[in-house]
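First, one chain by itself: the form predicted on its own, in structure tokens.
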Amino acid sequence: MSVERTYEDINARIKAGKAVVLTAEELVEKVREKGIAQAAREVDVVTTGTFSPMCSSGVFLNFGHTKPRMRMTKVWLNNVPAYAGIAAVDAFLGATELPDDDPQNSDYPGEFRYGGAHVIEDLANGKPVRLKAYSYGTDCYPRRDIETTIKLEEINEAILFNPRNCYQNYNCAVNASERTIYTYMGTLKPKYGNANYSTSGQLSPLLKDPNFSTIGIGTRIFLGGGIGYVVWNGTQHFPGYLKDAAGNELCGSGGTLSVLGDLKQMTGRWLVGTSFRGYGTTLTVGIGLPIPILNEKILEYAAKTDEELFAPIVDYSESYPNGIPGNLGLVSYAQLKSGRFQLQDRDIPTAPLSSYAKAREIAHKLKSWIQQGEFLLGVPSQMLPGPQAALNGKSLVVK
């Protein structure tokens, strides 16, 4: 008998304390034991997780009005500029923003950088942050400057809004050149000396629902330690499938999410400011998605293993920076997680930029919330574009 469930069916079981919830990792074992059909009959929800650097992140802040009132036109937080072209005391702080005096042009790429991501982590940890703001002054907003200390609990709102998070399937980065290069994928040694990757494989949220069958506007998620929401597809959302040499579809590739949540619910354990040598700063974000098992096909994708999921191998010395299409082949997440793989007769050591241990912890925490009735599934008001209804399919090229 085929399985057909609705969100309402599953939420009713969650409220009654009867929902069967497994992490994506646990589902792999259950399917090995009982098969797809039986697992689909037994499981209501599968939880996923990722804890990875996600550059396209930031926070909207409302500081509250000063006396006399002030229209803040230039804002700095711990010396990091925030964009204030919004309203009187609103600002947006981006994760990759750097202080005005950051040594960006230094010949030595090893210095630690403190940027917007670190300010967000400090706020989430309840630390005091130095606010400095200037204004040209108006009749309704006469004050021209302020310098003070703020804490997250003291300001009106702090809304984490990340335009591109939870990348479905990221590159395995290598360096074919003769010199060491410094990238947002970490330090890459010359002549294929190492390979870095940044997707959690069989726990990765969008790899477990590659058709976006359950993900849409209003999907409730684990975000930064609190509850957040999917509010749109992420920027550069080009969902599709990686294919092998024969053209067979293997696994999802280019989907992304735009997510939002209340920073006051979150903690610095799941929002970590990260500095990459020779690149700058980014925010490492913890995200977990629940996948409702509405039918057997959804469970079949959710049960894919590291052996069945692949990443494209990309040369970051030439192909990536120059926008050259194509890659050096595919490598499975099982191979990546083993610590080495073979490429062109080379034995290449691998290292993750994401934490599988924390991805597992997120999936278990989300599972616990659901089992305890603290987290109901959000019913999407509009589904996100999947591979069959992708956006225009081309990136803008600026010449």
Partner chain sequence: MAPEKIVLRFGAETSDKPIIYHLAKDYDLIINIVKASINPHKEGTMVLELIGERYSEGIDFLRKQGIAVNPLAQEIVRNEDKCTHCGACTVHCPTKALFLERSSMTVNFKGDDCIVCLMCVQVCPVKAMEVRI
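Numbering follows the first chain given and starts at 1. Remember, it's a predicted structure, so these values are computed and weren't measured experimentally.
There is also a form predicted in complex with its partner chain; it is not shown, and the following applies to it.
Student: Does Gly35 make contact with its partner chain in the predicted complex, using a 4.5 Å heavy atom cut-off?
Tutor: Heavy-atom contact with its partner chain at 4.5 Å: absent for Gly35.
Student: Is Gly373 part of the interface with its partner chain in the predicted complex - any heavy atom within 4.5 Å?
Tutor: No, no contact at 4.5 Å.
Student: Wondering, does Gln342 line up within 4.5 Å of its partner chain in the predicted complex on heavy atoms?
Tutor: So Gln342 does not count as contacting its partner chain.
Student: When the contact criterion is heavy atoms within 4.5 Å, does Thr66 count as touching its partner chain in the predicted complex?
Tutor: Flag for Thr66 set to no.
Student: Residues in which of 54-62, 36-44, 362-370, 348-356 have heavy atoms within 4.5 Å of its partner chain in the predicted complex?
Tutor: Contact criterion met by 348-356 only.
Student: Looking at Thr274, Asn165, Asn169, Thr214, which has any heavy atom no more than 4.5 Å from its partner chain in the predicted complex?
Tutor: Looking at the other structure, the residue within range turns out to be Thr274.
Student: Using heavy atoms only and a 4.5 Å cut-off, determine which of Lys132, Arg143, Arg113, His237 is in contact with its partner chain in the predicted complex.
Tutor: Checked against the cut-off, the match is Arg113.
Student: Relative to its partner chain in the predicted complex, which residues of 188-227 have a heavy atom no more than 4.5 Å away?
Tutor: Counting only heavy atoms within 4.5 Å of its partner chain in the predicted complex, the contacting residues of 188-227 are Lys189, Asn194, Asn196, Tyr197.
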